[in-house]
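Only one chain is given next, in structure tokens, and it is the form predicted on its own.
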Amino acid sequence: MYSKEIIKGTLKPIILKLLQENNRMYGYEITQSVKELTANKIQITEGALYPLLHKLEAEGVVFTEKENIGKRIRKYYALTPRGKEKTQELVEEFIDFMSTMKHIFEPNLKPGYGAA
């Protein structure tokens, strides 16, 4: 499992990318998808997830839909049109960042190798 410090800076692009790929998701579904996709290396806590989702909603990046599931109400999150644009920007930025970091940690790589 990765440290909280590393994960904290990646949460927004991870969540937005998942919403982009799945159209809409509820909180627990997001945490389980991340766990599954990363073979348990990234585990998002509710304490990290929900404040970020609420912030994204306040920024107009995501919106919520409530749905009755039996006797419970499930809150789904989905991207707004602005959120779709923001997702693309953040994903591109993060891919470029990873490429840049390779030059620090693998300095023998030729410039431009793996560039996004």
Partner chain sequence: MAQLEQNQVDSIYDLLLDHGLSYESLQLDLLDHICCMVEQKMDNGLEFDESLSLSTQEFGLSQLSEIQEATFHLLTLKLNKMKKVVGIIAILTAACVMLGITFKIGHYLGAGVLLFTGFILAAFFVFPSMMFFDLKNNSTNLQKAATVSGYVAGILLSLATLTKFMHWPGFSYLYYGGLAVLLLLFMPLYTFRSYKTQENKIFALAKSMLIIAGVMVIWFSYRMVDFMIIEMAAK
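A quick note: this is a predicted structure, and the numbers were derived from the prediction, not measured. Residue numbers count along the first chain shown, from 1.
Below, we refer to the form predicted in complex with its partner chain, which is not included among the displayed structures.
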property: Any non-hydrogen atom of residue 73 within 4.5 angstroms of its partner chain in the predicted complex; result: yes
property: Contact of residue 58 with its partner chain in the predicted complex (heavy atom, 4.5 Å); result: yes
property: Its partner chain contact at residue 83 in the predicted complex, heavy atom, 4.5 Å; result: no
property: Interface membership of residue 69, its partner chain in the predicted complex, 4.5 Å heavy atom rule; result: yes
property: Triple contact flag 13, 17 and 33 to its partner chain in the predicted complex, non-hydrogen atom at 4.5 angstroms; result: no
property: Sequence-ordered list of residues in 40 to 59 near its partner chain in the predicted complex, where near means a heavy atom within 4.5 Å; result: 46, 47, 50, 51, 52, 54, 55, 58
